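First, one chain by itself in structure tokens, the form predicted on its own.
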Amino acid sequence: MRALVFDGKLEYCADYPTPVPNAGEALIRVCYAGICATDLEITKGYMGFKGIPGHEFIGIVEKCADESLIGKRVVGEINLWCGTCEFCIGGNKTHCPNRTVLGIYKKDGVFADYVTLPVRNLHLLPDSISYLEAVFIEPLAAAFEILEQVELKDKKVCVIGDGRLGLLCAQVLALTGCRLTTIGRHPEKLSILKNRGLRTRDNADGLGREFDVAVDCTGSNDGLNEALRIVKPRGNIVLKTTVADRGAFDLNQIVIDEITITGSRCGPFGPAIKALAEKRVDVMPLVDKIFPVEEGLAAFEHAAKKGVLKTMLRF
């Protein structure tokens, strides 16, 4: 099968072995996949991953013991948990110490013609969600995770960063009715939010420490420090940024001002699917360019350019 493979260097392979599903798994033919910031960081050494990267996708089930799934369009949760440890039994399966993570940790991902996933990880899609919209379900679920972690209603909230995840987080947080501001550096990106009636700024000039919650979606080492400059004492900072090269930040300010830091990773697929199906979130303006998988190396180069939104691979 065709695949993008990373082993210290990203390469296109035309004859990579097709995976064989284990018991309880499905073989899925990938239709479209999205390149995200984590994929770009993997090529810089993040998580020490080797293999096929990629975790945002839509595909069609081709082989499965449950024949009712064959031919159905699916997306998949990316954490593969054991189901028997205390974390899984306690309901924290995404933090299973025995887990693998699709395209990120010890599990080949979706930048290939085929991928295998446990049936329990799969979600069927309604016809009202298009193929391209479906690619956004995994990162959109990550945005909905914030609502599971922090109370936002009636709070003054700032999303820092107008990249792919920042634009999704802003749309999701706006659904709560919070007093939302998004700070970014790209007028063309911020216009996506402005067109939905959301407040934006192109810098933090003139802002004091006035936000109850600041959400770092910058994708840079500076994101936490930017959040510390605008969040109130006893406020909450939600970190969405993961980078291969970790920077330094001021622990003293966190202690003195009693700031709560909340790490936020994967989230619930159900609310993300529902929001897309009901058109309460619009992801199509985020689609930048679609490349055939054979041009995957060029796609990565394009995705890494400043100002680029969602780059996709077509299979």
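Note that residue numbering follows the sequence shown and begins at 1. Not measured: the values here are computed from a predicted model.
Below, we turn to the form predicted together with a further copy of the same chain, even though it does not appear here.
**Student:** Is there a non-hydrogen atom of residue 233 within 4.5 angstroms of a non-hydrogen atom of a further copy of the same chain in the model of the complex?
**Tutor:** Although a further copy of the same chain is absent here, residue 233 would touch it in the model of the complex, with heavy atoms inside 4.5 Å.
**Student:** Is residue 105 one of the residues lying within 4.5 Å of a further copy of the same chain in the model of the complex, judged by heavy atom distances?
**Tutor:** No, no contact at 4.5 Å.
**Student:** How about residue 87: is it within 4.5 Å of a further copy of the same chain in the model of the complex, going by heavy atoms?
**Tutor:** Residue 87: contacts a further copy of the same chain in the model of the complex.
**Student:** Quick one: does residue 269 come within 4.5 Å of a further copy of the same chain in the model of the complex, counting heavy atoms only?
**Tutor:** Output for residue 269 is no: heavy atoms all beyond 4.5 Å of a further copy of the same chain.
**Student:** Using a 4.5 Å heavy atom cut-off, which stretch among 63 to 71, 255 to 263, 27 to 35, 271 to 279 contacts a further copy of the same chain in the model of the complex?
**Tutor:** Only one stretch qualifies here: 255 to 263.
**Student:** Using a 4.5 Å cut on heavy atoms, which of 242, 176, 200, 121 is close to a further copy of the same chain in the model of the complex?
**Tutor:** Going through each option in turn, the one that passes is 242.
**Student:** Under a 4.5 angstroms heavy atom criterion, identify the one residue in 98, 191, 92, 130 near a further copy of the same chain in the model of the complex.
**Tutor:** That would be 92.
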